[in-house]
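Only one chain is included here, represented as structure tokens and corresponding to the form predicted alone.
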């Protein structure tokens, strides 16, 4: 029996077919429908369940650089509008990067100087006023950053798109082949064929299944995240600053976020970690704390070793220790563990932006956002891709 027979048929043709209903694919569908295009979105899953849905939901605007910064700033405004239109929550929470060493504060001072009013240097008292962290030499306030719940946001955007004229979102529908010819592309799916003027393929690390040459440019990396019970149960004020306040970022984030690469003090930070905690560097710990409405906290993230099957207990331990040390608490109680698999460039340079764009066929674009930055940048990237595609 064909289990797709009970599903409604796909439109025979569309201006744009989007393969993949994660944040990158949906961003292109949102932009295309705003331009008056007919759009078909297909995804093999039955709900949003890709790497974006498994991330923490921090829209990290201020710590991007160059093209990624421009896309992040545009994404910020689009997230706020989309939240109103589609009816999901987007919090203008901002973020605080905590410096626990003078070299970290020097890096943050350079960022504040470069951002011209979009970041503010904090002393230790101001950090304690905004966050539950009481042991810091200072920090930086990043007011442009946002918080959202990725699964809820993606589901709401998908549902909202389904109500728009000339838009069809098809879950449980796998794209199988793409055949170009006569200025059109025939998209064969598990539910039939669609003739498309243009196609965007946004399936993350799975892009090699449709476009092998693009897949060769990417390597899948597993990032481990945790959810812990509300810390500081006896300190209601500190708990409130975490639950309703900004995203809290630790000093290890300076080593991965591109905006810090221009600081001469960054080398001192890296050398200190290399001398004293090489295990933290090896696991690429990118410490962020983002509280949920129930007071529990999402702790992310660390890179699972490629040669370790399943989950690395060592990486979980590094995340839990770093979070407890930043908050000044005892051991944290784990409520949940999960992994988000994301693409990174197989070959890269320090100056490379996170976007890997390909044209495997005329009228077809593959769009991948690496390094976990899809939520931060995709809504701003989509207009640029469609400007070139149409």
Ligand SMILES: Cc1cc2nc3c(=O)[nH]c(=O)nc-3n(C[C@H](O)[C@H](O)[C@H](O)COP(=O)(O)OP(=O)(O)OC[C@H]3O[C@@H](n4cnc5c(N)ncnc54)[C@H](O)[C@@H]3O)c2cc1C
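Positions refer to the first chain, counted from 1. Being a predicted model, the structure only gives us computed values, none of them experimental.
One more form of this protein should be noted, the form predicted in complex with the named molecule, which is absent from this view; the next part is about it.
Participant: Each of 62, 78 and 380 near the named molecule in the predicted bound form, meaning some heavy atom within 4.5 Å?
Facilitator: So, no: the whole triplet misses the named molecule.
Participant: Within a 4.5 Å heavy atom cut-off, is residue 31 in contact with the named molecule in the predicted bound form?
Facilitator: Answer no; every heavy atom of residue 31 is more than 4.5 Å from the named molecule in the predicted bound form.
Participant: At the 4.5 Å heavy atom threshold, is residue 69 in contact with the named molecule in the predicted bound form?
Facilitator: Residue 69 lies outside the contact set for the named molecule.
Participant: With the partner left out here, check for me: in the predicted bound form, does some heavy atom of residue 227 sit within 4.5 Å of the named molecule?
Facilitator: Answer no; every heavy atom of residue 227 is more than 4.5 Å from the named molecule in the predicted bound form.
Participant: Is there any non-hydrogen atom of residue 149 lying within 4.5 Å of the named molecule in the predicted bound form?
Facilitator: Residue 149: no, not in contact with the named molecule in the predicted bound form.
Participant: Go through 174, 82, 178, 211 and name the one with a heavy atom inside 4.5 Å of the named molecule in the predicted bound form.
Facilitator: Among 174, 82, 178, 211, a heavy atom within 4.5 Å of the named molecule in the predicted bound form occurs only for 174.
Participant: So the named molecule isn't shown here. In the predicted bound form, which residue out of 115, 223, 239, 197 has a non-hydrogen atom within 4.5 Å of it?
Facilitator: After the contact test, the surviving option is 223.
Participant: Among 86-94, 202-210, 107-115, 135-143, which stretch sits within 4.5 Å of the named molecule in the predicted bound form, heavy atoms only?
Facilitator: The contacting stretch here is 202-210.
Participant: If we check the named molecule in the predicted bound form, which of the residues in 55-87 reach within 4.5 angstroms of it by a non-hydrogen atom?
Facilitator: 55, 56, 57, 58, in sequence order.
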